[in-house]
Ligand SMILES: Cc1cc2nc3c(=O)[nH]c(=O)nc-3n(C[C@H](O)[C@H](O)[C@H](O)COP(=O)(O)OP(=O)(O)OC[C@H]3O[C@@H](n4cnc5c(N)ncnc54)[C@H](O)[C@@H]3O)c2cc1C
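One chain follows as structure tokens, the form predicted alone.
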Amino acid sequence: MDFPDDLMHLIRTDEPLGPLAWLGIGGPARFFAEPMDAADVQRLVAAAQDQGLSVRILGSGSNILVREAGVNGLVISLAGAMSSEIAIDGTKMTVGAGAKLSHAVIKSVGAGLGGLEHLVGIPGTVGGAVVGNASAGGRDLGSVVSSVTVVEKDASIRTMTQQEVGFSHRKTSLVGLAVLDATFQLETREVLALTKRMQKLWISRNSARPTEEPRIAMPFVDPDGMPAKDLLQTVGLAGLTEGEVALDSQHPHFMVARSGATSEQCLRLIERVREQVLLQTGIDLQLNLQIW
């Protein structure tokens, strides 16, 4: 399969994806690219379309589970420097999709702009957070999004308004699109007060995650009305194990992958949890993980 000559310097073949995912699991990408700018992303998407290749967009890897078979298509990594810039204009802040969400939060707080501080400590990139409409403390990211710039599946660039994105509970219409950047409409606030609030939330959020386990992921979306952590504790699933994969005993909303863990073990554990929660509570837990 041939890519245009002017893209070949960006393409790697059979690139291992396990080291790029928080769970440390998964096979290779048939083709892998790290674009330098938006024009590269457009050309990569266009070339993949011409070749009939599927395209997947990779951020920090915090919310993906890659099967051992890998990805038979093109994986475009947007976690590089090309898409991590942060620019502030008045009360608006535009952030590249590859920037870490935590960096965007800290930058906004330092500039005296409120509206993102409640998301401190949530892992991943801004692009992934926008696509999944990350939320915390009863507020979602979409509520402060002004616009999102994406590369469409036909390789055209489009700027979408908040209404066009269609934010709902942990969902948007952006799945499958390459987000380039997002602009947030924030509010002027006092820096010291924002900083104190952010620090309290940071401490609280860090205490609510496994600190000794490097290979973790949050497999489930918090259902309306109850955090997944509390729900799983109540149902008695904390510590549930499947092979080398388990729900953390103290923080069961985190799935921990030990040495030797496989994607199939992860999927079996997820299915067991969903079945038990549905049986005991009637709640159909939705996945936070993307299964590749």
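For every residue, the number given is its place in the sequence shown, counted from 1. These numbers come from a predicted model, not from an experiment.
Keep in mind that the form predicted in complex with this ligand is not shown, yet the notes after this line are about it.
Highlighted residues A228, Q265 and V273: none comes within 4.5 Å of this ligand in the model of the complex, counting any heavy atom.
With a 4.5 Å cutoff on heavy atoms, A182 does not count as touching this ligand in the model of the complex; it lies far away. Though the partner is left out of this view, L113 does not reach within 4.5 Å of this ligand in the model of the complex, counting heavy atoms only.
In the model of the complex, none of the heavy atoms of R197 sits within 4.5 Å of a heavy atom of this ligand. At least one heavy atom of P123 is located within 4.5 Å of this ligand in the model of the complex. This chain appears without its partner; in the model of the complex, the one residue of M160, A155, I216, I88 with a heavy atom within 4.5 Å of this ligand is I216.
Annotated contact segment (heavy atom within 4.5 Å of this ligand in the model of the complex): 51-59, selected among 256-264, 51-59, 31-39, 240-248. Counting a residue when any of its non-hydrogen atoms is within 4.5 Å of this ligand in the model of the complex, the hits in 148-187 run R170, L177, A178, V179.
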